[in-house]
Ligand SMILES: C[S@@+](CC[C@H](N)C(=O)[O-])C[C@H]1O[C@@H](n2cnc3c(N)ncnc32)[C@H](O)[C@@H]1O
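Before any questions on how it binds or moves, here is one chain, the form predicted on its own, in structure tokens.
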């Protein structure tokens, strides 16, 4: 881990503690330990990287419902999600962890059947968060008939009660090692077929810096035979499970750009 990577890890830890002081107990095992763990157990400290253009339609995507506020995904993360969902004829989509609703709304715009699994406002408040933060979850989501909200803790929730399999699953809940490992193991059993995919958010602190605790949790949560199908998607902080045969590289930071993106902004007033 470079000094720059250490500073990013420290910033993330301090931010988590400021938001929720009790989380200090979840971050005592630092990223350096997980980096060593990955190297010892798996002989690598990152996933191979595949080009985001493998998933975008003709290299383009339109992202909506974006706030540019704290906790938002990258535009490229949402472009990845929306493009993958649109590649299915009628995508059955589930996400674990819905913040304001940016990700699930972009997927819903493709006509997908969407399910959100998230803690209830009452559960969030019980964890020590303030009421405003709790009630901002899902605040962007209108009454859309293709979005179903399920209030549950993914660590204890019986996903079998949903009685459904999915084409695409987005894991973006609690990013601690224990939670990501548990979520990964559970959602793998919910995939519809060999064409189904899982996307994990916060694979990295940024598109060039891997988050070793999350990578370790993904690898430990999934069967060994699936590891060959795990990748980091370039220009995003997402990891993906796909059985597609994709060309990959080992990313070396700093990265020399091989593409640039064009972004056109239009703001739309939003009323609660």
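If you're wondering where the values come from, they're calculated on a predicted model, not measured in any experiment. Residue numbers count along the first chain shown, from 1.
The following text describes the form predicted together with the named molecule, which does not appear among the structures shown.
Looking at the named molecule in the model of the complex, residues 118, 124 and 152 each place a heavy atom within 4.5 Å of it.
For the options 147, 199, 78, 187, the residue carrying a heavy atom within 4.5 angstroms of the named molecule in the model of the complex is 78. With the partner omitted here, the stretch from 70 to 78, 187 to 195, 107 to 115, 160 to 168 that lies within 4.5 Å of the named molecule by heavy atoms in the model of the complex is 70 to 78. The named molecule is not drawn, but in the model of the complex it has a heavy atom within 4.5 Å of residue 96. Proximity of residue 174 to the named molecule in the model of the complex falls within the 4.5 Å heavy atom cutoff. In the model of the complex, the named molecule lies farther than 4.5 Å from every heavy atom of residue 83. In the model of the complex, the named molecule sits within 4.5 Å of a heavy atom of residue 133.
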